Structures are given as structure tokens and as C-alpha cells.
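What follows is one chain in C-alpha cells, specifically the form predicted alone.
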């Protein structure tokens, strides 16, 4: 049955750029949305910029422009970054829109009619420098429970406690750094106690919340009368003026979530649909994705507004944890606060989509970005186990195409097809870690098949061309299934794979029907490997115009071994007469040099040649295709077991040479004089098959 699903991500604040922490949520949401579309469901993915508040107003003043100019510029940057990471919104709006004011006004009328709005004077923190009252998020200080420093005025990231901003110890304004003053302010509040029975029922019995969230609300808020919710701010303030309260503006946390509805309204107006069909239709599943820091607002205040306004409540609120880098909170001073734009300067966005997917479960655990793990997962899983399948088979059938009927594969295709419901369950639960794990088991099985059938060997015998076509048909069908399963995670790779195979990867049921008799396009690289140096470059802090560059991290995010000083030699260790004993060769042209194809190779086997004094027989892998048999005169310098697993440099296009002990299919590069031999080794991050330039 086709489902109708409305999906939102939390609205990013217009006061700053999108960064890697934000992208956890938007990538998680987009994977869920793409999965639902892949299954054929009707999905609308809505979002908007959160544009109101004191922070926007003060920043615009400092920069000598209007808040409207600031948020317009930010909207362009945010949408550009989201698009680069493949986040597929159906509509992206702004909370500073006529549609949002209209919806806010309607819900406010309903709150007034229900006698849920009260006014009273309260003491609030005031910034004497900026001359404005401070929202909780713009006051920092020591947590009143655990004394952790630099915590916001509403909750502590260290111990999870919630409190009011006036309870902070040693508070200071985020805007000016000044200690805030307590001043009386006239405020409007929404009474929540009349709605407490409804909120208790919804949070504890609807099934919309993760168990740990339901328990958290029950133990921290719903076990006592709910406090009234402060929903106004006095002038000066950038936001919507409350129509029936002089010099009062709706607090940003009132109009921000209403932006979900307003963005839907704008989308409906553009596409000729009805807002009520999405927000007042019991058959429509409303799903919110958000971070754990805004749980309180989205699971108590927001449901209260929806209930009073006559809108449908979310069927599901999927909450995730924070992103840390190397086990620590992101930090500008350490170079671990990375914007989306900064990432895109160095790395492929699909790499991050896969990395996050491989770590995201249905739980609320924090994610830890480990650069060495990032490199390993992309290079091993995506390039080595998935893309490698296509590169090892597609070239062999570019002229013949796939077999006219699907060959016997020992049950591999049927096994992969049988996993579709298990994988669907994992995707539905947002357990993307389990989904990617299962897909990698299919990739492993497919690679074992490739190794056992060795199409590169079959290619050498024209009499076995039909067998070669059958083997490649199996491999490319297994690859197609894997790509369909990964399409929600890797939409760009799926599009490239579809073009290669002449068949789209955009419907879930495609995994049940083999591709036969189709033409295969000329193979082009589908994905490159991650270079460690580029990951390192991403973590080098940027210098902003007119500011002093931030210091580089004292401990680089990449594993310390990458930059170990033991990997360098001082000039004192070099012999001063090396050149005199072995002078430079005659000059060559660049054309001469370019004829030599130097490649990184991995030693997968090594053995002594019994009747040779200097030779070792090496079996080298270039990452794909057949292995190479190479004889190397390094017997006196290296034991065979020291070499297995090592990366070396080889001349890959040297004509095979028949020797007494067999055929040598290349040459490994070494240095040294007077019988001292030293194999050349590539830097960390190089992979078999990489060409030296």
C-alpha cells in the first residue's frame, strides 16, 4: 500500500554556515526520504531557514546591513551546501515569510480562544552592552548541576541537566561577553498544565518517540506540573510582532517549528495541493528528524501547538546524538570545526554520506568522526568491495553485453533478493548501520565469486568467451542489486551505475529481476579512493579575511603514525659521495618519462627462488585485474615473510621477460649502492593501482 509521508529536518539557524554536525541530521533524513521514494511511497521533504532572533539582529547591525539581507545571503549558502551533499528537499522556505506569519497568527488565535495565554513580569537576563534581553541559547556559563564550563542557558551537554538561564553560574552574553544583568520584563506565556494529560498520553503511548526519549520526558518533566512556556520577547527584536500585544514579538521557538507548516503551505501553493491533505489528514505520516539538544521543544511545546491549532501530530520523532571529532566536541581552535563548504573543497560528499550511514543507528548515541576510520571505510567498503565489482567485470563485456539468460550463480542473486525485506526493516527503523553492514556481506559474497571465477584469466582464452560473458553477467547483476540497496545512501553512485548498466537503480523491486541481454556502456571510474592528505587538509583551520589564522591542531586528527618523525631521515644519514659512485644518467625528455607507468602494488605472496642467489618471486596485486609475477633481486636484503602485505612501487608496463625461473611481468623499484638494497614505499594513504605522477 502506498503511504503518504511528510518529513522534516530541524530548521538550521540563519546565523551561520552548515557544518559537519548539521549534516548528520540532513543526511540521515535524506537517506530515509530516498528509501521511502525508492519503495514507491508519496513523500514530501520540507525544510526552511530559522531566521528570527536577537543573534541575527545583532550580527546584521555589526555588519552594517539589514537582517533581511543577511538571511537572504545565508539562504543561498545553505541551499547550495545541502544540494552538494544530495539532500533532496521538495521545498526549502524561510520562517520570515508571509506564509509563516499567517500560520503563526492562526495558532495564536486558537491559543487565545482556549484561554491558554497569560502575561506577567519576570526577571530575565539582559545584555547591558547590546541593550537586549538574552534568549537562553545566548547565555553561557557553568552548569549549576555539574559545574562544567561554557554550557548554554537551558541545558548542559555534559550531564544532560535542564535549567533556566538565571541558574547558570558566572554567566556571560554570547553577543558581547559581558556579564548579564537581571531585569524585569513583560512576557507572554502559554499555559501547558491544561494540556498535561494530553501530552502525557501522546509522549508515553503514541509510539511516536524513542523509548529513551519517552522515559526522559516522564522522569524529568511530566512527573510534576509543566511550567508555562515563555513565547514573547520585547523590542528590540527581529521577528514577527504579536498582533494583539504592543511592542512584543513572538520568541523564535514559537515561530520556528511553525515554519514546517508554512513551508508545506508554500509547496502546496506551488504544486496545486491542499495543506489540509498533509497536516490535517490522519492518513498522512508526519516524521520529524532532530538533534537531542532540541528534544524538549519538539516533544512538549510543539505537540501542544499542533493540538490546539487542530493539526495532526507527528507519527514519529527521530532523535539523533551529536557529532564529535576524535572523541571531542568540534572546535575551531583545534581545527575540528569543519563547514560543509570546507569539506567540499577537499572530499567527495558521497563519502561522508556513506560514513555517516555506516555509523547511524536508531538510537540517540553520539557519532564520532574518526578520520582514519573514515578513510578505511570508504576505501575498503565502497571502492574495494563495491565499485571494484564493476571494474573487474564491465570491461570484459563492453562489446558483447550481458548474457541473454541469467546463468547459474549458486544462489547468490536469490540470496541477495531475499534480503530486501530485512534491509527495508533496517532502513525504516533508521538503522542505517545495520543496512550497510548487510549490504557489505553481499559485496563480500560477490567478490568471493569473482575471485573464484577469475574473469581476467578467462579473457585470455577465446574459447571461453561465453563462460566469461556468463561470469560477468552474474557479477554485474550482483553489483546492480548492491547499488539499488545503497541508492538511498549513494544517489550519485547509483546514477553512474545505472548509466553503466543501461538500467536505473531507482526502484526497490529491481533487486528481484536479473538484467539480461542488455548492453554495457564503456566503463568509467565510478568513485576514487580517499587520499589521507586531503582529509588532513580539511582539518587545517581556515584563515578568515582580516583575522589571524587559527593554529593548527597540536595532535592532527589523522592517526599520529601518519606524521611520525621516524618516517624522515636527516641529511646526516646520507652518504656524501653517492652521486660520485653512481652519476646521473643521460638527460631524457618528459615524453620519455611519461612512457613509464609506475604503479603502487601490494605484495600478496613472496618466496625464495631455490636456484637463484639474489631472486625472490613476488606476486603483486594492482587492486584489480590479474596479479603479476615479478622476480626481484632483493633476496639478501629482505626475507619473504617481511614483504607480504607491503606496498611497493612497480613498473607496470614493462614488457614481460622470460627468465630461467619463469616469466617476470614487471619490475619493483628499489634504491641503493654497493649491494645495499632499499625498496621504495609509498606514503600512508596510497592504494594498490594508484599511478605515480
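Positions refer to the first chain, counted from 1. Here, rigid core means the biggest group of C-alpha atoms that superpose within 1.5 Å across both forms. Remember, it's a predicted structure, so these values are computed and weren't measured experimentally.
From this point on, the text means the form predicted together with the RNA, which you will not see here.
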Q.
So if I measure heavy atom distances to the RNA in the predicted complex, which of the stretches 101-109, 289-297, 169-177, 260-268 falls within 4.5 Å?
A. 289-297
Q.
Between 233, 480, 78, 353, only one gets a heavy atom within 4.5 angstroms of the RNA in the predicted complex; which residue is that?
A. 233
Q | Option touching the RNA, based on a heavy atom within 4.5 Å in the predicted complex, out of 380, 513, 200, 273 | A | 380
Q: Examine residue 227 and determine whether its closest non-hydrogen atom to the RNA in the predicted complex is within 4.5 angstroms.
A: yes
Q. Hey, in the predicted complex, is residue 318 touching the RNA, heavy atoms inside 4.5 Å?
A. no
Q) Does the RNA come within 4.5 Å of any heavy atom of residue 406 in the predicted complex? A) no
Q) At the 4.5 Å heavy atom threshold, is residue 387 in contact with the RNA in the predicted complex? A) yes
Q | Neighbours of the RNA in the predicted complex among 509-525 [non-hydrogen atom within 4.5 angstroms] | A | 525
Q.
Please state whether residue 626 has a C-alpha shift of 2 Å or more between the shown form and the other one, with the rigid core used for the fit.
A. yes
Q | Is_shifted residue 125 between the shown form and the other one (CA, 2 Å cut-off, rigid core) | A | yes
